[in-house]
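In structure tokens, the next block holds one chain alone, the form predicted alone.
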């Protein structure tokens, strides 16, 4: 019986000839990532070593990455103190894959890992963040864990008691229409599957559309796979993966391309033709409450957010800047732009995108998660409505349960910023 991509990766990482769905394995971990919540992991690590007369230390500092991104700069003394704690831990143990609040190294963890070459095809990646699913875009099995699980991984270098997930195959074909792209595809898929439709499963992406999709687009669809409940999303590594790693990340060792067997067993197959797909919107207060943009066009908005680990890359900023060129953000509407990394910010400056945003009246913020998690840099007021390229719209997600958040692509966000209402970008831009 053949294996899926994730089954092959888990078999290799566990030293097994083969595995199948529902098997329990303990795979070797290639990279363990945390952000500010590394403070929780450190506390758990201290508990593991308590009473042993041994200093708490990670199994391999070279396989740990820590990136400050959720609360940057620190919004209060508790966050600042946690960041100080982490900096001390990093220094003591020689963790080199550490990205502090810096213009040249800073950014969102799910952008930093691929663009710095920390993720390779065939690897097992774990992170204390649910959107660790992003890194399946590079052909790795990548999933989120809790702080206690991560502390055990830091101690042992393996992930304990991992149940091999079943796989759903998503076969995506056709060519995107103008102003339609990966964000619309994944919103459409989540709407079809529902928020629980891929619970504890892997979404494995195939088809002509995926083969022609950039790594940036693949990061979008894998990032949001978790919004359908998936343990991970994954795109089998191919020539585009190697191009990205070589040209964007400066990598010469491309890891191992892993493809599914011809007789791989899938729980189900979902087929999508994007040729007739239009811009999609996830309406409050669930990501699977998806409607075509024309169904809610005209809805007034007070804030537009472009950025996040989902849509803060250079092509996202390029698409938004092109639509904004020569226009102004509507009166009564705020527009915030968060590049996904310092490198992307610099590239956007060089190409003039930042100037376009500023001329239009947008505010360009430092790279980071910004208002996505509702902590700072753009919380909403009572009864306000936000339109965002982020990945979640749960009640209170942007800091106020009395507000509403709609999710969309960068093209829809930019077009809507100009009009002050949710707008179809295909209408004359």
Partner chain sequence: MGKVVLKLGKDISTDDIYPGRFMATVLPTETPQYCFFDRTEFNQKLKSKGIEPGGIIVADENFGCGSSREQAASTIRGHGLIVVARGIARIFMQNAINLGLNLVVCPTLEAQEGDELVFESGEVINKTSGRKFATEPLPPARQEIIDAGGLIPYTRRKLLESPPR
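Numbering follows the first chain given and starts at 1. In this text the structure is predicted, and so the values were computed from the model without any measurement.
Below: the form predicted in complex with its partner chain, not depicted.
Region of this chain that lies against its partner chain in the predicted bound form, out of 266-274, 330-338, 162-170, 299-307 [heavy atom, 4.5 Å]: Only one stretch qualifies here: 162-170.
Contact residue in the predicted bound form, from 58, 378, 27, 361 (heavy atom within 4.5 Å of its partner chain): Answer to the contact question: 58.
Among 260, 207, 144, 106, which has at least one heavy atom within 4.5 Å of its partner chain in the predicted bound form? Exactly one residue meets the criterion: 144.
Does its partner chain, in the predicted bound form, lie within 4.5 angstroms of each residue among 43, 47 and 374, using heavy atoms as the measure? Checked in the predicted bound form: all three residues contact its partner chain.
Would you classify residue 62 as touching its partner chain in the predicted bound form, given a 4.5 Å non-hydrogen atom cut-off? No - in the predicted bound form, heavy atoms of residue 62 and its partner chain never come within 4.5 Å of each other.
Examine residue 240 and determine whether its closest non-hydrogen atom to its partner chain in the predicted bound form is within 4.5 angstroms. Because no heavy atom of residue 240 falls inside 4.5 Å of its partner chain in the predicted bound form, the answer is no.
If you check in the predicted bound form, is residue 175 within 4.5 Å of its partner chain, heavy atoms only? No, no contact at 4.5 Å.
So, in the predicted bound form, is residue 149 in contact with its partner chain at a 4.5 angstroms heavy atom limit? Flag for residue 149 set to yes.
Which residues in 216-243 have a heavy atom within 4.5 Å of its partner chain in the predicted bound form? Result: 231 alone.
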